[in-house]
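Shown below, as C-alpha coordinates, is a lone chain in the form predicted on its own; questions about how it binds or moves come after it.
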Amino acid sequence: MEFAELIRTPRVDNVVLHRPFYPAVEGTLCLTGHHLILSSRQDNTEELWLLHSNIDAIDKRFVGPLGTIIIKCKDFRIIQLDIPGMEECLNIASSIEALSTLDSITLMYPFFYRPMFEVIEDGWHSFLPEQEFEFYSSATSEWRLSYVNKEFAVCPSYSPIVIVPKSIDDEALRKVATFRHGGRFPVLSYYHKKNGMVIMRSGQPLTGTNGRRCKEDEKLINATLRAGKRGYIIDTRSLTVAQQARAKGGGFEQEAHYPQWRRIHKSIERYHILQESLIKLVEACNDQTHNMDRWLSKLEASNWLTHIKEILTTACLAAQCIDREGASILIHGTEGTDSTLQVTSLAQIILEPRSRTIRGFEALIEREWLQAGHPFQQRCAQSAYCNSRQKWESPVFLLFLDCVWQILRQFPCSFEFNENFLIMLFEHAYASQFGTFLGNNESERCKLKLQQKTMSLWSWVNRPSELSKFTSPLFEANNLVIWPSVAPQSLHLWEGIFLRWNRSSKYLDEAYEEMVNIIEHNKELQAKVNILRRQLAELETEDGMQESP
(Lines give C-alpha, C1' and ligand atoms only; values in the text may rest on other atoms or scores of the structure.)
Protein backbone atom coordinates (compact mmCIF):
# COMPACT_ATOMS: atom_id res chain seq x y z
CA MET A 1 0.00 0.00 0.00
CA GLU A 2 1.24 3.50 -0.86
CA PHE A 3 0.67 6.29 1.67
CA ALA A 4 -0.25 8.56 -1.25
CA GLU A 5 -3.45 6.53 -1.72
CA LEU A 6 -4.61 7.60 1.75
CA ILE A 7 -3.72 11.30 1.39
CA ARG A 8 -6.55 12.99 -0.51
CA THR A 9 -5.25 16.53 -0.03
CA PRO A 10 -1.53 16.67 0.79
CA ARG A 11 -1.32 20.44 1.35
CA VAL A 12 -3.59 23.33 2.33
CA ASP A 13 -2.61 27.01 2.71
CA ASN A 14 -4.02 29.58 5.15
CA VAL A 15 -4.71 27.05 7.90
CA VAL A 16 -4.93 28.50 11.43
CA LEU A 17 -3.48 26.39 14.25
CA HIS A 18 -4.67 26.69 17.87
CA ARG A 19 -2.71 24.78 20.50
CA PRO A 20 -2.08 25.08 24.25
CA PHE A 21 0.22 27.94 25.42
CA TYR A 22 0.95 29.24 21.88
CA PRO A 23 -0.75 32.13 20.09
CA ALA A 24 -2.87 31.15 17.06
CA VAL A 25 -0.70 30.94 13.96
CA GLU A 26 -1.56 30.82 10.27
CA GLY A 27 0.47 28.62 7.95
CA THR A 28 0.61 25.78 5.44
CA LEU A 29 -0.65 22.36 6.51
CA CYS A 30 1.11 19.35 4.96
CA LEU A 31 0.31 15.66 5.34
CA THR A 32 3.03 13.03 4.91
CA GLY A 33 2.80 9.29 5.44
CA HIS A 34 3.59 9.66 9.15
CA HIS A 35 3.32 13.34 10.13
CA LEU A 36 0.91 16.23 10.18
CA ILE A 37 3.05 19.36 9.73
CA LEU A 38 2.04 22.99 10.04
CA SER A 39 4.66 25.50 8.95
CA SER A 40 4.37 29.27 9.16
CA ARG A 41 6.44 31.92 7.43
CA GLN A 42 6.31 34.06 10.57
CA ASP A 43 9.63 34.53 12.35
CA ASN A 44 10.21 32.75 15.68
CA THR A 45 7.22 30.47 15.14
CA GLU A 46 7.77 26.85 16.07
CA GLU A 47 6.56 24.33 13.50
CA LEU A 48 4.09 21.65 14.51
CA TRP A 49 5.22 18.09 13.74
CA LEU A 50 2.64 15.61 14.96
CA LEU A 51 2.94 11.86 14.45
CA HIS A 52 -0.27 10.36 13.04
CA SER A 53 0.19 7.50 15.54
CA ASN A 54 -0.22 10.08 18.35
CA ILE A 55 -3.75 10.94 17.18
CA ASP A 56 -6.44 9.31 19.29
CA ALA A 57 -9.59 10.90 17.80
CA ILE A 58 -10.71 13.78 15.61
CA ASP A 59 -13.89 15.87 15.54
CA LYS A 60 -15.14 18.02 12.63
CA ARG A 61 -17.20 21.23 12.73
CA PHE A 62 -18.37 23.55 9.95
CA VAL A 63 -19.41 27.20 10.03
CA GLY A 64 -20.21 28.34 6.51
CA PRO A 65 -17.21 27.67 4.23
CA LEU A 66 -14.83 27.35 7.19
CA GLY A 67 -14.12 23.87 8.55
CA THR A 68 -12.57 23.08 11.92
CA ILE A 69 -10.79 19.86 12.82
CA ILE A 70 -10.20 19.19 16.52
CA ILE A 71 -7.37 16.67 17.01
CA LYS A 72 -7.25 14.80 20.33
CA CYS A 73 -3.87 13.21 21.00
CA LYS A 74 -2.83 10.14 22.96
CA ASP A 75 -0.70 12.39 25.22
CA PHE A 76 -3.99 14.21 26.13
CA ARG A 77 -3.18 17.34 24.09
CA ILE A 78 -5.99 18.94 22.07
CA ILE A 79 -5.16 20.84 18.86
CA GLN A 80 -7.53 22.80 16.61
CA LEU A 81 -7.08 23.44 12.88
CA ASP A 82 -9.24 26.01 11.07
CA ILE A 83 -9.25 25.07 7.38
CA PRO A 84 -10.72 27.25 4.59
CA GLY A 85 -13.00 25.21 2.31
CA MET A 86 -15.33 22.38 3.27
CA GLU A 87 -13.92 19.91 0.71
CA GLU A 88 -10.31 20.44 1.86
CA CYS A 89 -11.41 20.04 5.49
CA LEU A 90 -13.24 16.76 4.79
CA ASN A 91 -10.30 15.43 2.76
CA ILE A 92 -7.79 16.31 5.50
CA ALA A 93 -10.01 14.74 8.17
CA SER A 94 -10.50 11.47 6.30
CA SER A 95 -6.76 11.30 5.48
CA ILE A 96 -5.81 11.80 9.13
CA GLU A 97 -8.30 9.14 10.23
CA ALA A 98 -6.86 6.64 7.73
CA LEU A 99 -3.21 7.41 8.53
CA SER A 100 -3.70 7.31 12.30
CA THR A 101 -5.32 3.86 12.25
CA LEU A 102 -2.94 1.83 10.07
CA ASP A 103 -3.35 -1.91 10.69
CA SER A 104 0.15 -3.02 9.74
CA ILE A 105 2.90 -2.41 12.30
CA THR A 106 5.52 -2.41 9.51
CA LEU A 107 3.93 0.75 8.05
CA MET A 108 4.52 2.65 11.27
CA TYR A 109 7.08 5.44 11.54
CA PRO A 110 9.83 3.51 13.42
CA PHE A 111 10.39 1.44 10.25
CA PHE A 112 10.98 4.63 8.24
CA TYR A 113 12.79 6.76 10.84
CA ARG A 114 16.49 7.41 10.31
CA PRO A 115 18.31 9.03 13.25
CA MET A 116 20.02 12.38 12.75
CA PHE A 117 22.22 11.78 15.79
CA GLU A 118 25.38 9.73 16.20
CA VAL A 119 24.52 6.33 17.68
CA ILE A 120 26.97 5.80 20.55
CA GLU A 121 25.20 2.80 22.10
CA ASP A 122 23.01 0.11 20.53
CA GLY A 123 20.06 0.14 22.92
CA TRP A 124 18.83 -3.22 21.63
CA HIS A 125 21.80 -4.89 23.34
CA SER A 126 22.00 -2.72 26.46
CA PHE A 127 19.88 -4.87 28.79
CA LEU A 128 20.18 -8.55 27.88
CA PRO A 129 19.07 -11.36 30.28
CA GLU A 130 22.66 -12.64 30.43
CA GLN A 131 23.81 -9.28 31.86
CA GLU A 132 21.07 -9.34 34.48
CA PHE A 133 22.05 -12.88 35.45
CA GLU A 134 25.67 -11.76 35.94
CA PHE A 135 24.43 -9.19 38.45
CA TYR A 136 22.79 -11.95 40.51
CA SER A 137 25.29 -14.77 39.95
CA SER A 138 27.91 -12.97 42.06
CA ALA A 139 25.58 -13.37 45.07
CA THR A 140 24.03 -16.82 44.50
CA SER A 141 24.68 -20.10 42.71
CA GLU A 142 21.13 -21.43 43.14
CA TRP A 143 19.84 -20.08 39.81
CA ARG A 144 20.62 -20.68 36.15
CA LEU A 145 19.89 -19.34 32.70
CA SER A 146 17.47 -21.56 30.79
CA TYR A 147 17.19 -21.53 26.99
CA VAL A 148 14.11 -23.79 27.05
CA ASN A 149 12.08 -21.04 25.35
CA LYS A 150 14.47 -20.70 22.43
CA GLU A 151 12.37 -20.12 19.28
CA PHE A 152 9.50 -19.21 21.71
CA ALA A 153 8.34 -22.84 21.62
CA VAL A 154 7.30 -23.13 25.28
CA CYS A 155 5.88 -19.67 25.99
CA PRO A 156 5.21 -17.13 23.20
CA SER A 157 5.12 -14.17 25.62
CA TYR A 158 8.43 -14.89 27.42
CA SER A 159 11.88 -14.00 26.13
CA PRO A 160 14.05 -16.87 24.80
CA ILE A 161 16.24 -16.77 27.95
CA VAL A 162 14.81 -16.91 31.48
CA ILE A 163 16.28 -17.34 34.98
CA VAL A 164 15.03 -20.42 36.88
CA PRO A 165 16.13 -22.52 39.92
CA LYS A 166 19.27 -24.54 39.12
CA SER A 167 17.68 -27.71 40.54
CA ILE A 168 14.87 -27.69 37.92
CA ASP A 169 15.71 -29.08 34.46
CA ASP A 170 14.23 -27.94 31.15
CA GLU A 171 12.00 -31.00 30.79
CA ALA A 172 10.30 -30.12 34.09
CA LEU A 173 9.88 -26.52 32.87
CA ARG A 174 8.05 -27.78 29.77
CA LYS A 175 5.63 -29.72 31.97
CA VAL A 176 5.07 -26.73 34.26
CA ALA A 177 4.38 -24.53 31.19
CA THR A 178 1.40 -26.75 30.28
CA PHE A 179 0.02 -26.13 33.80
CA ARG A 180 0.32 -22.32 33.71
CA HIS A 181 -1.77 -19.81 31.73
CA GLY A 182 -0.16 -18.97 28.39
CA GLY A 183 2.77 -21.27 29.20
CA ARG A 184 4.00 -18.65 31.69
CA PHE A 185 5.83 -20.92 34.17
CA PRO A 186 7.34 -19.29 37.31
CA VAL A 187 10.58 -17.41 36.58
CA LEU A 188 12.88 -15.19 38.63
CA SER A 189 11.88 -11.54 38.72
CA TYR A 190 14.14 -10.26 41.51
CA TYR A 191 16.82 -11.58 43.91
CA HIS A 192 17.22 -9.62 47.17
CA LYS A 193 20.95 -9.73 47.88
CA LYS A 194 20.47 -8.64 51.49
CA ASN A 195 18.83 -11.94 52.55
CA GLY A 196 18.61 -14.17 49.44
CA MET A 197 14.82 -13.96 49.16
CA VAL A 198 13.27 -13.81 45.67
CA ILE A 199 10.27 -12.53 43.74
CA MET A 200 8.98 -14.90 41.07
CA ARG A 201 6.16 -14.27 38.60
CA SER A 202 3.97 -16.49 36.42
CA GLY A 203 0.51 -16.97 34.93
CA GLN A 204 -2.33 -18.53 36.95
CA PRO A 205 -2.26 -22.33 37.47
CA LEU A 206 -4.72 -24.23 35.26
CA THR A 207 -6.33 -26.19 38.09
CA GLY A 208 -9.87 -26.03 36.68
CA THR A 209 -12.94 -27.35 38.51
CA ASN A 210 -11.33 -30.78 39.01
CA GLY A 211 -8.43 -29.40 41.08
CA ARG A 212 -5.76 -30.52 38.62
CA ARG A 213 -2.22 -30.49 40.03
CA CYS A 214 1.32 -30.53 38.65
CA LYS A 215 4.09 -31.97 40.83
CA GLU A 216 6.79 -30.32 38.72
CA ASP A 217 5.14 -26.94 39.40
CA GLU A 218 5.09 -27.64 43.15
CA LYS A 219 8.74 -28.69 43.04
CA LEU A 220 9.73 -25.59 41.06
CA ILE A 221 8.31 -23.01 43.44
CA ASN A 222 9.39 -25.02 46.51
CA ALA A 223 12.95 -24.91 45.15
CA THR A 224 13.03 -21.22 46.06
CA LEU A 225 12.32 -21.84 49.76
CA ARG A 226 14.96 -22.17 52.48
CA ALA A 227 14.64 -25.08 54.94
CA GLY A 228 11.82 -24.47 57.39
CA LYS A 229 10.74 -21.27 55.62
CA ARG A 230 7.32 -20.40 54.23
CA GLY A 231 6.58 -18.38 51.14
CA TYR A 232 3.75 -16.13 50.01
CA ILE A 233 1.69 -16.31 46.82
CA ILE A 234 0.26 -12.87 46.03
CA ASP A 235 -2.70 -13.25 43.68
CA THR A 236 -3.66 -9.88 42.13
CA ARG A 237 -7.31 -10.98 41.82
CA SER A 238 -10.00 -11.05 44.47
CA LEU A 239 -10.80 -14.52 45.85
CA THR A 240 -14.16 -14.42 44.04
CA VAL A 241 -12.57 -13.68 40.66
CA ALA A 242 -9.93 -16.39 41.23
CA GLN A 243 -12.64 -18.93 42.10
CA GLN A 244 -14.66 -17.95 39.02
CA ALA A 245 -11.56 -18.52 36.88
CA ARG A 246 -11.68 -22.24 37.75
CA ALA A 247 -14.85 -22.60 35.67
CA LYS A 248 -12.85 -21.38 32.64
CA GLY A 249 -9.96 -23.77 33.28
CA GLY A 250 -7.88 -21.39 35.41
CA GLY A 251 -7.69 -21.16 39.18
CA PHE A 252 -5.24 -20.81 42.05
CA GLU A 253 -2.78 -22.89 44.05
CA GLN A 254 -4.54 -25.37 46.39
CA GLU A 255 -3.23 -25.22 49.96
CA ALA A 256 -3.15 -29.01 50.15
CA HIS A 257 -0.62 -29.13 47.30
CA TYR A 258 1.36 -26.06 48.35
CA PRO A 259 1.44 -26.41 52.17
CA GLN A 260 4.55 -24.21 52.59
CA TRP A 261 2.90 -21.28 50.79
CA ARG A 262 0.35 -18.82 52.14
CA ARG A 263 -1.93 -17.32 49.49
CA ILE A 264 -2.94 -13.64 49.72
CA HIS A 265 -5.53 -12.09 47.39
CA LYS A 266 -5.09 -8.38 46.56
CA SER A 267 -7.61 -7.20 43.99
CA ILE A 268 -6.12 -4.97 41.29
CA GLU A 269 -8.44 -3.86 38.49
CA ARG A 270 -7.55 -4.24 34.81
CA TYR A 271 -8.76 -3.94 31.21
CA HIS A 272 -11.86 -1.80 30.53
CA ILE A 273 -12.27 -0.71 34.17
CA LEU A 274 -8.88 1.04 34.03
CA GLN A 275 -9.60 2.43 30.56
CA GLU A 276 -12.91 3.92 31.72
CA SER A 277 -11.15 5.35 34.77
CA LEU A 278 -8.61 7.12 32.53
CA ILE A 279 -11.37 8.49 30.26
CA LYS A 280 -13.24 9.92 33.28
CA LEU A 281 -10.06 11.43 34.74
CA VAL A 282 -9.02 13.17 31.51
CA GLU A 283 -12.57 14.43 31.05
CA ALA A 284 -12.49 15.87 34.58
CA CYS A 285 -9.12 17.53 33.93
CA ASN A 286 -10.46 19.13 30.71
CA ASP A 287 -13.61 20.44 32.40
CA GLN A 288 -13.25 24.23 32.37
CA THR A 289 -16.29 25.06 34.52
CA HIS A 290 -13.99 25.78 37.49
CA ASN A 291 -16.57 24.53 39.96
CA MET A 292 -14.77 23.03 43.00
CA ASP A 293 -17.52 20.55 43.96
CA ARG A 294 -17.83 19.38 40.35
CA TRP A 295 -14.05 18.93 40.02
CA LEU A 296 -13.67 16.96 43.27
CA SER A 297 -16.72 14.85 42.45
CA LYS A 298 -15.41 13.97 38.98
CA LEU A 299 -11.91 13.24 40.30
CA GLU A 300 -13.32 10.86 42.88
CA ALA A 301 -15.70 9.23 40.37
CA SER A 302 -12.77 8.42 38.06
CA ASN A 303 -11.31 6.12 40.77
CA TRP A 304 -7.83 6.73 39.32
CA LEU A 305 -6.18 7.44 42.68
CA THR A 306 -7.96 4.40 44.14
CA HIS A 307 -6.27 2.22 41.52
CA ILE A 308 -2.92 3.88 42.37
CA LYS A 309 -3.49 3.07 46.06
CA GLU A 310 -4.40 -0.59 45.32
CA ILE A 311 -1.28 -1.15 43.22
CA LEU A 312 1.11 0.61 45.63
CA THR A 313 -0.38 -1.23 48.63
CA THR A 314 0.21 -4.59 46.95
CA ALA A 315 3.76 -3.61 45.95
CA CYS A 316 4.50 -2.55 49.56
CA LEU A 317 3.12 -5.89 50.78
CA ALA A 318 5.42 -7.75 48.37
CA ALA A 319 8.44 -5.70 49.48
CA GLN A 320 7.50 -6.29 53.14
CA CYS A 321 7.39 -10.06 52.63
CA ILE A 322 10.89 -9.97 51.14
CA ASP A 323 12.65 -7.46 53.39
CA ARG A 324 10.88 -7.69 56.75
CA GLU A 325 9.40 -11.19 56.77
CA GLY A 326 12.40 -12.77 55.06
CA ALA A 327 10.07 -14.77 52.78
CA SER A 328 10.15 -15.43 49.04
CA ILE A 329 7.05 -14.67 46.98
CA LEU A 330 5.31 -15.73 43.77
CA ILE A 331 3.11 -13.10 42.12
CA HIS A 332 0.45 -13.74 39.47
CA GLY A 333 -3.02 -12.70 38.39
CA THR A 334 -4.67 -14.33 35.39
CA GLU A 335 -2.23 -13.97 32.48
CA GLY A 336 0.63 -12.45 34.48
CA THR A 337 1.22 -9.68 31.91
CA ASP A 338 -0.46 -6.66 33.55
CA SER A 339 -1.07 -6.22 37.30
CA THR A 340 1.61 -8.85 38.02
CA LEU A 341 4.24 -6.70 36.30
CA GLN A 342 3.05 -3.54 38.03
CA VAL A 343 3.61 -5.18 41.40
CA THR A 344 6.95 -6.90 40.65
CA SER A 345 8.36 -3.64 39.19
CA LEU A 346 7.23 -1.37 42.02
CA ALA A 347 8.44 -3.83 44.67
CA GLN A 348 11.90 -3.62 43.08
CA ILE A 349 11.84 0.20 43.11
CA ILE A 350 11.07 0.04 46.84
CA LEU A 351 13.72 -2.63 47.56
CA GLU A 352 16.52 -2.09 45.06
CA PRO A 353 18.48 1.21 44.84
CA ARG A 354 19.74 0.28 41.36
CA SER A 355 16.15 0.45 40.02
CA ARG A 356 16.02 4.09 41.10
CA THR A 357 18.89 5.06 38.77
CA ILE A 358 18.32 5.90 35.09
CA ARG A 359 20.01 2.80 33.65
CA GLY A 360 18.60 0.61 36.41
CA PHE A 361 15.07 1.82 35.65
CA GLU A 362 15.60 1.25 31.91
CA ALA A 363 16.78 -2.29 32.73
CA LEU A 364 13.67 -2.77 34.88
CA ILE A 365 11.37 -1.76 32.00
CA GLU A 366 13.21 -4.08 29.61
CA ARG A 367 13.16 -7.01 32.04
CA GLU A 368 9.77 -6.63 33.74
CA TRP A 369 7.72 -5.16 30.88
CA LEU A 370 9.21 -5.76 27.43
CA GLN A 371 10.92 -9.14 27.95
CA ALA A 372 8.16 -10.21 30.37
CA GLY A 373 5.52 -9.86 27.65
CA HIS A 374 3.38 -6.85 28.51
CA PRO A 375 1.28 -6.39 25.32
CA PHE A 376 2.15 -2.72 24.61
CA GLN A 377 0.70 -2.79 21.08
CA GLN A 378 -2.73 -3.77 22.40
CA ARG A 379 -2.76 -1.83 25.67
CA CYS A 380 -1.52 1.46 24.17
CA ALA A 381 -3.42 1.29 20.87
CA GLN A 382 -5.79 3.99 22.09
CA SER A 383 -5.80 6.56 24.87
CA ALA A 384 -8.52 8.60 26.60
CA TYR A 385 -10.36 10.13 23.62
CA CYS A 386 -10.96 7.34 21.10
CA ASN A 387 -14.59 6.46 20.47
CA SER A 388 -14.14 2.94 19.06
CA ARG A 389 -13.43 0.72 22.05
CA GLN A 390 -11.61 -2.59 21.80
CA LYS A 391 -11.51 -4.85 24.84
CA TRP A 392 -7.73 -4.91 25.28
CA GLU A 393 -6.77 -1.23 25.62
CA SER A 394 -5.80 -0.35 29.17
CA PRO A 395 -3.48 2.26 30.74
CA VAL A 396 -1.56 -0.39 32.73
CA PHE A 397 1.88 1.09 31.95
CA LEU A 398 0.71 4.66 32.62
CA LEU A 399 -0.62 3.57 36.02
CA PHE A 400 2.77 2.02 36.79
CA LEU A 401 4.56 5.26 35.81
CA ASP A 402 2.09 7.22 37.95
CA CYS A 403 2.89 4.96 40.93
CA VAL A 404 6.62 5.56 40.34
CA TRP A 405 5.95 9.31 40.29
CA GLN A 406 4.10 9.04 43.61
CA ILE A 407 7.17 7.37 45.18
CA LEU A 408 9.54 9.86 43.51
CA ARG A 409 7.48 12.74 44.95
CA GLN A 410 7.84 11.27 48.44
CA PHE A 411 11.56 10.46 48.06
CA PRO A 412 12.91 13.11 45.61
CA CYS A 413 16.55 12.63 46.61
CA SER A 414 16.51 8.83 46.13
CA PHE A 415 15.90 8.88 42.36
CA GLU A 416 18.52 9.69 39.74
CA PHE A 417 15.81 10.49 37.17
CA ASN A 418 13.24 13.27 37.25
CA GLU A 419 9.56 13.57 36.31
CA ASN A 420 10.44 14.42 32.69
CA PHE A 421 11.95 10.95 32.30
CA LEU A 422 8.64 9.30 33.27
CA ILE A 423 6.63 11.64 30.99
CA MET A 424 8.96 10.80 28.09
CA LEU A 425 8.40 7.06 28.62
CA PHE A 426 4.62 7.56 28.67
CA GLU A 427 4.76 9.48 25.38
CA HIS A 428 6.94 6.90 23.61
CA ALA A 429 4.80 3.97 24.80
CA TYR A 430 1.84 5.47 22.90
CA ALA A 431 3.56 7.05 19.86
CA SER A 432 7.23 6.97 18.95
CA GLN A 433 9.84 7.11 16.22
CA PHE A 434 11.62 4.24 18.01
CA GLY A 435 10.78 0.53 17.87
CA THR A 436 11.17 -0.28 21.57
CA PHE A 437 7.46 -0.41 22.46
CA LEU A 438 6.19 -1.95 19.19
CA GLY A 439 4.67 -5.44 19.32
CA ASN A 440 3.12 -7.33 22.23
CA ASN A 441 6.03 -9.59 23.21
CA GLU A 442 9.55 -10.67 22.28
CA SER A 443 8.26 -13.25 19.81
CA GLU A 444 6.41 -10.59 17.78
CA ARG A 445 9.40 -8.22 17.95
CA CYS A 446 11.64 -10.97 16.66
CA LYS A 447 9.33 -11.69 13.70
CA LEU A 448 9.17 -7.96 12.92
CA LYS A 449 13.03 -7.83 13.02
CA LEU A 450 12.85 -4.65 15.07
CA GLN A 451 16.51 -4.84 16.07
CA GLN A 452 17.59 -4.77 12.43
CA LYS A 453 14.93 -2.41 11.07
CA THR A 454 14.27 0.16 13.84
CA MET A 455 16.18 2.23 16.38
CA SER A 456 15.97 1.55 20.13
CA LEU A 457 14.66 4.31 22.41
CA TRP A 458 17.63 3.70 24.74
CA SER A 459 20.09 4.59 21.94
CA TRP A 460 18.62 8.11 21.98
CA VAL A 461 17.93 8.50 25.71
CA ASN A 462 21.38 7.40 26.89
CA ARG A 463 23.27 10.06 24.96
CA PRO A 464 24.85 12.62 27.38
CA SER A 465 22.96 15.52 25.75
CA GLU A 466 19.60 13.81 26.45
CA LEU A 467 20.49 12.32 29.84
CA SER A 468 21.08 15.78 31.25
CA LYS A 469 17.37 16.59 30.67
CA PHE A 470 16.27 13.54 32.63
CA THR A 471 18.76 13.66 35.53
CA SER A 472 17.56 14.96 38.90
CA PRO A 473 19.83 17.56 40.54
CA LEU A 474 18.57 16.37 43.96
CA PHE A 475 19.85 12.80 43.59
CA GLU A 476 21.96 11.38 46.40
CA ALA A 477 22.52 7.62 46.20
CA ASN A 478 20.45 5.93 48.90
CA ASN A 479 21.18 2.24 49.50
CA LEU A 480 18.25 1.77 51.86
CA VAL A 481 14.80 0.30 51.22
CA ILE A 482 12.29 3.15 50.85
CA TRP A 483 8.76 2.73 52.19
CA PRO A 484 6.21 5.00 50.45
CA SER A 485 3.08 6.11 52.25
CA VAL A 486 -0.14 4.89 50.62
CA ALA A 487 -2.42 6.95 52.86
CA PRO A 488 -5.01 8.84 50.75
CA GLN A 489 -3.52 12.18 51.89
CA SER A 490 -0.13 11.12 50.48
CA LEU A 491 -1.39 10.38 46.96
CA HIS A 492 -1.65 13.28 44.51
CA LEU A 493 -2.95 13.84 41.00
CA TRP A 494 0.01 13.74 38.60
CA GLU A 495 -0.29 17.26 37.23
CA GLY A 496 2.74 16.84 34.96
CA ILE A 497 0.72 14.35 32.87
CA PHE A 498 -2.93 15.20 33.39
CA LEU A 499 -2.87 19.00 33.67
CA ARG A 500 0.14 19.93 31.54
CA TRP A 501 -1.97 21.04 28.54
CA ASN A 502 -4.53 22.84 30.70
CA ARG A 503 -2.30 25.22 32.63
CA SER A 504 1.13 26.59 31.97
CA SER A 505 4.11 25.19 33.85
CA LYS A 506 6.11 28.39 33.19
CA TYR A 507 6.47 29.35 36.86
CA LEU A 508 7.19 25.78 37.95
CA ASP A 509 9.89 25.55 35.27
CA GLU A 510 11.42 28.82 36.44
CA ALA A 511 11.38 27.61 40.05
CA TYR A 512 13.02 24.35 38.97
CA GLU A 513 15.76 26.24 37.11
CA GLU A 514 16.38 28.40 40.17
CA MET A 515 16.63 25.27 42.33
CA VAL A 516 19.20 23.78 39.93
CA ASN A 517 21.21 27.03 40.05
CA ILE A 518 21.16 27.03 43.87
CA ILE A 519 22.31 23.39 43.97
CA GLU A 520 25.14 24.09 41.49
CA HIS A 521 26.20 27.18 43.45
CA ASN A 522 26.14 25.14 46.65
CA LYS A 523 28.42 22.52 45.06
CA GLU A 524 30.88 25.23 43.99
CA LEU A 525 30.93 26.70 47.53
CA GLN A 526 31.39 23.22 49.01
CA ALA A 527 34.36 22.62 46.69
CA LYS A 528 35.91 25.94 47.82
CA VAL A 529 35.36 24.99 51.48
CA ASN A 530 37.15 21.68 50.90
CA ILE A 531 40.12 23.46 49.28
CA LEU A 532 40.35 25.97 52.15
CA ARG A 533 40.16 23.16 54.73
CA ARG A 534 43.04 21.36 53.01
CA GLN A 535 45.10 24.57 52.91
CA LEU A 536 44.36 25.22 56.59
CA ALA A 537 45.41 21.68 57.51
CA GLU A 538 48.67 22.11 55.56
CA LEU A 539 49.39 25.43 57.30
CA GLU A 540 48.72 23.91 60.72
CA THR A 541 51.09 21.04 59.90
CA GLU A 542 53.81 23.48 58.84
CA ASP A 543 53.33 25.54 62.04
CA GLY A 544 53.60 22.41 64.14
CA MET A 545 56.86 21.44 62.44
CA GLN A 546 58.34 24.93 62.97
CA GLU A 547 57.39 24.99 66.66
CA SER A 548 58.93 21.59 67.39
CA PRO A 549 62.63 21.94 68.50
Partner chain sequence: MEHIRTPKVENVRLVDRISSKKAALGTLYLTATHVIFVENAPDTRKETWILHSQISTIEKQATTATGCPLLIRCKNFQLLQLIVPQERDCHDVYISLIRLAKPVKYEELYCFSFNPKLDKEEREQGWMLIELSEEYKRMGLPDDYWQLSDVNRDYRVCDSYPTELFVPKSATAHIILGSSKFRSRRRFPALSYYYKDNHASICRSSQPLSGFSARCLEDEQMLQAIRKANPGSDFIYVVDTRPKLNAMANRAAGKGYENEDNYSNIKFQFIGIENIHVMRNSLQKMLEVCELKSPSMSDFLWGLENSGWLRHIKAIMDAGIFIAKAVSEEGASVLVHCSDGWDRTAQVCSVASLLLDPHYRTLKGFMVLIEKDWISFGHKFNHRYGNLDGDPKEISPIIDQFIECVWQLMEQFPCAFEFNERFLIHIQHHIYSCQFGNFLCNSQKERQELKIQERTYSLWAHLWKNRADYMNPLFRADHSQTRGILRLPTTPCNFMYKFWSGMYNRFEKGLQPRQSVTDYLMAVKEETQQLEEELEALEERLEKIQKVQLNHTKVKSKPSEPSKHSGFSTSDNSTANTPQDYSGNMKSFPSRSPSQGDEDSALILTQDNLKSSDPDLSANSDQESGVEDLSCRSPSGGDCVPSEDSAKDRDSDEAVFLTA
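In this text, the rigid core denotes the largest set of C-alpha atoms whose superposition between the two forms falls within 1.5 Å. These numbers come from a predicted model, not from an experiment. Residue numbers count along the first chain shown, from 1.
Another form exists, predicted together with the partner chain; not displayed. Remarks below refer to it.
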Exercise. Would you check, heavy atoms only and a 4.5 Å threshold, whether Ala487 touches the partner chain in the model of the complex?
Key: yes
Exercise. May I ask you to state whether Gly231 is within 4.5 Å of the partner chain in the model of the complex, using heavy atom distances?
Key: yes
Quiz item: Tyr507: heavy atom within 4.5 Å of the partner chain in the model of the complex?
Solution: yes
Quiz item: Does the 4.5 Å heavy atom contact test between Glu495 and the partner chain in the model of the complex come out positive?
Solution: yes
Quiz item: Mind checking whether each of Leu305, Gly326 and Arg409 has a heavy atom within 4.5 Å of the partner chain in the model of the complex?
Solution: yes
Quiz item: Counting only heavy atoms and a 4.5 Å cutoff, which of 47-55, 512-520, 30-38, 64-72 contacts the partner chain in the model of the complex?
Solution: 512-520
Practice problem: Could you spot which one of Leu370, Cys214, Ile358, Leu317 gets a heavy atom to within 4.5 Å of the partner chain in the model of the complex? | Solution: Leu317
Quiz item: If you check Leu299, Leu401, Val282, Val148 against the partner chain in the model of the complex, which one has a heavy atom within 4.5 Å?
Solution: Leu299
Quiz prompt | Did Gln535 shift 2 Å or more between the shown form and the other one, C-alpha, core superposed | solution = yes
